[in-house]
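The chain below stands alone and is given in structure tokens; this is the form predicted alone.
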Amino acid sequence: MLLKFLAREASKLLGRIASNNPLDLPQVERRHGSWHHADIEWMANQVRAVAGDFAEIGVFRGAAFRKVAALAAQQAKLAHAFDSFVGMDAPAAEDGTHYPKGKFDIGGPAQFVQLMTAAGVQPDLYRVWAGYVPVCFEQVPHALRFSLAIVDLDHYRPTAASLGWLAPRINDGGLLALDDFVPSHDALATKAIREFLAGDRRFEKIAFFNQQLILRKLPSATKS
């Protein structure tokens, strides 16, 4: 039994080395389509010394955002929730039919606030920006900057718009965490992420697991 355990642990270690993932990445059971709280905590720890608020674009019912808001508060930062709160917009040609308009509707931003309050997250810990991407960005103060931003939108167009909007607003050393990245595909959010990686050299990959890609913004001196 001990030999089998050691073999499994060695396999995990070699897998992380092969993928260039950090060796301190949490060893947890992950589920596709959701962010594990341990991974969010790991990301937050990486940006303790980086100025800027936390954000999640595409929050649905707030399963991940609860943790985002709590961790932001621990660093005296504010968390920002971006979502239509009435479901997805109409899909583009790159999206197919798997995510139709209205999917993930929770009944509006007031319902989201109720869900957060029921989960023990006080309203003064976060700010809600309601609307489809990119409309939800229009009222955001120009000076707002982020140290950690999570994008989880599934569709191509809002993912592309979010990446373009976020890139200059993430401070050097900050993290950009992207869900729904399947390197073998070229549709949905993956297509937008591939285009972003091909066109923006200001970010480096620091981890990739569970179809979730985590990028760090490079310091200005190392940008190419």
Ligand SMILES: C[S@@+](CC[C@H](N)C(=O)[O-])C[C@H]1O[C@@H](n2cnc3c(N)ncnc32)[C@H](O)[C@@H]1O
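As the structure is a computational prediction, the values presented were derived from the model and not from experiment. Note that residue numbering begins at 1 and tracks the sequence as displayed.
This next part talks about the form predicted together with the ligand, which is not shown.
**Student:** Do Asp39 and the ligand come within 4.5 Å of each other in the model of the complex, heavy atoms counted?
**Tutor:** Residue-level check for Asp39: no, no contact with the ligand.
**Student:** Answer for Asp95 alone: is it within 4.5 Å of the ligand in the model of the complex, judged on heavy atom distances?
**Tutor:** Heavy-atom contact with the ligand at 4.5 Å: absent for Asp95.
**Student:** Give a yes/no on whether Val28 approaches the ligand to within 4.5 Å in the model of the complex, heavy atoms considered.
**Tutor:** Contact with the ligand, no.
**Student:** Report whether the minimum heavy atom distance between Gly131 and the ligand in the model of the complex is within 4.5 Å.
**Tutor:** Yes, Gly131 is a contact residue.
**Student:** Within 4.5 Å, heavy atoms only, one stretch in 189-197, 41-49, 154-162, 170-178 touches the ligand in the model of the complex. Which?
**Tutor:** Comparing against the ligand in the model of the complex, the contact stretch is 154-162.
**Student:** Going through 45-81 from first to last, which residues have a non-hydrogen atom within 4.5 Å of the ligand in the model of the complex?
**Tutor:** Going through 45-81 in order - heavy atoms within 4.5 Å of the ligand in the model of the complex - the hits are Glu56, Gly58, Val59, Phe60, Ala63, Ala64.
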